[in-house]
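What follows is a single chain, given as structure tokens, in the form predicted alone.
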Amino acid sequence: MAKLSLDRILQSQGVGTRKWCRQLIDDGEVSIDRVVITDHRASFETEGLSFTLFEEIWLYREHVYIALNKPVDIECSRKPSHRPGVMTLLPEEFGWRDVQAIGRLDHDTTGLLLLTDDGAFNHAISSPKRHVPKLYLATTAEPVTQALIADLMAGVKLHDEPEVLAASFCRQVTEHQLEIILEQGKYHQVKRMLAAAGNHCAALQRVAIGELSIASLGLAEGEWCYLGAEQLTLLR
């Protein structure tokens, strides 16, 4: 943590542009420890810092780590083309902080989505070289068979992929549902693997990343939460 001027602190937390942050401070809209601060150049240690803006308490966070239970028909792109973007589900300050989705879920895929403004963390979780397992619950058009499970575990060849791709875990849940764990993170991988194995994906939900599950977070569809240090450990 560092010692920063108050205008830089506000800007870093997604309040707005530095000019706007200075104006808020100069207008007496910001207080720390119940003391109104009107000098935007005043500096403060950021560790453990909180400030009040428009009667709302903000806790300083060097980076934000967010879990979202993504609903259907939401695009993960920052510039969505046909449907609402994922940032519409989050507070405006996350946009100012340049929060990005870690990987993407298709518009018709639901479940656990991680977002952050920490580029190094984003790379560590999304890079296929890190082999972070992701658990999906897939609903299939045709009944699940043991032959399908065997094919997915043995590996299937996808178009434009140099090597076969295999699930690290797969089991039948119901007649038309299976759980599958992947580590590669290829484009539309679950859907393409099911199609290559002779079935079709009718619905898809990401249930967990690493050891962090959507169930453990207790998030309803469309809800989000900050991730703490213990939860982040479950992702590594």
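Please read all numbers here as calculations on a predicted model, not as lab measurements. The first residue of the shown sequence is 1; numbering continues from there.
The same protein also has a form predicted together with a small molecule, omitted here; what follows describes it.
Subject >> Distance check, residue 109 to the small molecule in the predicted bound form, heavy atom within 4.5 Å >> reply: Contact check for residue 109: yes, within 4.5 Å of the small molecule in the predicted bound form.
**OP:** Classify residue 208 as contacting or not contacting the small molecule in the predicted bound form by the rule of any non-hydrogen atom within 4.5 angstroms, answering yes or no.
**Re:** Flag for residue 208 set to no.
Original post:
Closest heavy atom of residue 189 to the small molecule in the predicted bound form, within 4.5 Å or not?
Top reply: Output for residue 189 is yes: heavy atoms within 4.5 Å of the small molecule.
Subject >> residue 49: touches the small molecule in the predicted bound form, heavy atom cutoff 4.5 angstroms >> reply: Although the small molecule is absent here, residue 49 would stay clear of it in the predicted bound form, with no heavy atoms inside 4.5 Å.
Original post:
Out of 114-122, 88-96, 144-152, 101-109, where are the residues with a heavy atom within 4.5 Å of the small molecule in the predicted bound form?
Top reply: Within 4.5 Å of the partner lies stretch 101-109.
Original post:
Which one of 197, 37, 204, 67 is close to the small molecule in the predicted bound form, taking close to mean a heavy atom within 4.5 Å?
Top reply: Of the listed residues, the single hit is 204.
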